[in-house]
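Encoded as structure tokens, the following chain is the form predicted alone, with no partner shown.
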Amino acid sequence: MSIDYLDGNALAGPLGELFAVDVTAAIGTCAGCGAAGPVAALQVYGPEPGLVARCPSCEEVVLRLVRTPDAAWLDLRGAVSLRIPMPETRS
């Protein structure tokens, strides 16, 4: 049985509501297998009751995002790290 999923770019809108930078370009490291890659490469399932993003290498859950009317719940326990590129600042 095949389950359809979206790529990590499906997280751009929901994560864009929380962060001032494009998190889909961030490099995440999976806690399950150690694979590193852009958030845009994650396999995203949802949207109801929330978004679940899995590692494309080992299929472990890396990220969960649930939105309620008054809050957003972001669970990153499946990521060892998230390296977010920041724009250069001028002094």
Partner chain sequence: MPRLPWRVAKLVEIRQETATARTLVFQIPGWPGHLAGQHVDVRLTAPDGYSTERSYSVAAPEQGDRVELTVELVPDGEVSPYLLEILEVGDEVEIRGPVGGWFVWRPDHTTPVLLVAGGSGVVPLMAMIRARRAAGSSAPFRLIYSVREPDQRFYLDELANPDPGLDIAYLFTRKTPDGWARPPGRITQADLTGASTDIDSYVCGPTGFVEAAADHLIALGHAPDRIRTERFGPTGG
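Positions refer to the first chain, counted from 1. Remember, predicted model here, so these are calculated numbers, not experimental data.
Below, we turn to the form predicted in complex with the partner chain, even though it does not appear here.
If the cut-off is 4.5 angstroms on heavy atoms, which of these, A25, A72, L82, L76, is the one near the partner chain in the predicted bound form?
Only one option qualifies, and that one is A25.
Answer yes if any heavy atom of P38 is within 4.5 Å of a heavy atom of the partner chain in the predicted bound form; otherwise answer no.
Within the cut-off, so yes.
Can you tell me if D4 lies within 4.5 angstroms of the partner chain in the predicted bound form, counting non-hydrogen atoms only?
The answer is yes: D4 has a heavy atom within 4.5 Å of the partner chain.
Let me know which residues along 9 to 33 have a heavy atom within 4.5 Å of the partner chain in the predicted bound form, or say none if there are none.
Going through 9 to 33 in order - heavy atoms within 4.5 Å of the partner chain in the predicted bound form - the hits are N9, A12, G13, P14, G16, E17, L18, F19, A20, D22, T24, A25.
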